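Quick setup: one chain, the form predicted alone, written in structure tokens, and binding and motion questions come after.
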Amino acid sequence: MSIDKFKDLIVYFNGEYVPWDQANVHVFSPAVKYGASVFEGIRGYWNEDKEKLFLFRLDDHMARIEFSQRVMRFGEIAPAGPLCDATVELMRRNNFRASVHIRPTVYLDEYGESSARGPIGQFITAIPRGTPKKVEDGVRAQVSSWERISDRCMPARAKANANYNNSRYAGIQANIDGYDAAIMLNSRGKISEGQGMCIFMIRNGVAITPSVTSDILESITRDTVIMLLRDMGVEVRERDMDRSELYDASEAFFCGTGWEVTPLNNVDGSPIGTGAPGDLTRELQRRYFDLVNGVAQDTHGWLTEV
């Protein structure tokens, strides 16, 4: 993807709104040298009928970026409130009339070494992005030979840029081997998550997902899905998941800001259920997209209108 396609967009950069090509981080910064940065992925959904952009769970995402900064031992913290305000203003300045993917980032700036704790810089980018075809069709996944990072190694529940090298390896391996996605096991041999997305399976009518102590990112979309499933009358259990359980699941799906709710049709060449997206997954998708697009009533106060 050529960066030129975004050249007319505005970026929030250290308190200012600047043209895309002027938002630059120095090559010698700890963010570049060591991956010393944290970020969020946030979706904005354009509702054509209402002519509004709905940002989904903006406050919760910015609360998590505060948490990630603390876990990463940043010496100063970029607070959630101003980042929320800057995000809304950035949407207005870009005058988006399509769904977008938003990425706020806080990073260690200037010329520090790996033990540096400051100073921090911050930026927010947003680019148009719709829902990919895989959300409709579903994907095939491989259980990866790459192990999910342990909390004893790096804090997986923090959304730190450096953590994503772990899932990057798994995703590349899966693609080379002919799969669409990867499923990662943790150090105990239990299912952790996908390559940057959480996983659910349906067994005997019960929705099962790894617990937050399974070295997962504590996903905001996962939390949303749990609430939606319970609203549907589906029992949800958060527990250890074995790889072999997937072969007996009637349905399975990934979820995340980027993955939304994506059916998982096949694992390791073995079909899940019928090998096609199941009825429960389809109903969950319908409810999820009605919510994030501002069609369904927002009873949780999760939508920020722009």
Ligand code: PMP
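For clarity, every value in this text was computed on a predicted model and none was experimentally measured. The first residue of the sequence shown is number 1, and the count goes up from there.
Keep in mind that the form predicted together with the ligand is not shown, yet the notes after this line are about it.
- Residues of just one listed stretch (256 to 264, 270 to 278, 240 to 248, 25 to 33) have heavy atoms within 4.5 Å of the ligand in the model of the complex: 256 to 264.
- The contact with the ligand in the model of the complex, taken as any heavy atom within 4.5 Å, belongs to 217 out of 217, 106, 126, 183.
- Contact with the ligand in the model of the complex, defined as a heavy atom within 4.5 Å, holds for exactly one of 198, 90, 170, 78, namely 198.
- Residue 146 falls outside the set of residues with a heavy atom inside 4.5 Å of the ligand in the model of the complex.
- Taking the partner from the other structure, the ligand in the model of the complex has no heavy atom within 4.5 Å of any heavy atom of residue 140.
- By the criterion of a heavy atom within 4.5 Å, residue 221 is counted among the residues contacting the ligand in the model of the complex.
- In the model of the complex, just one residue of 47 to 63 lies within 4.5 Å of the ligand by at least one heavy atom: 61.
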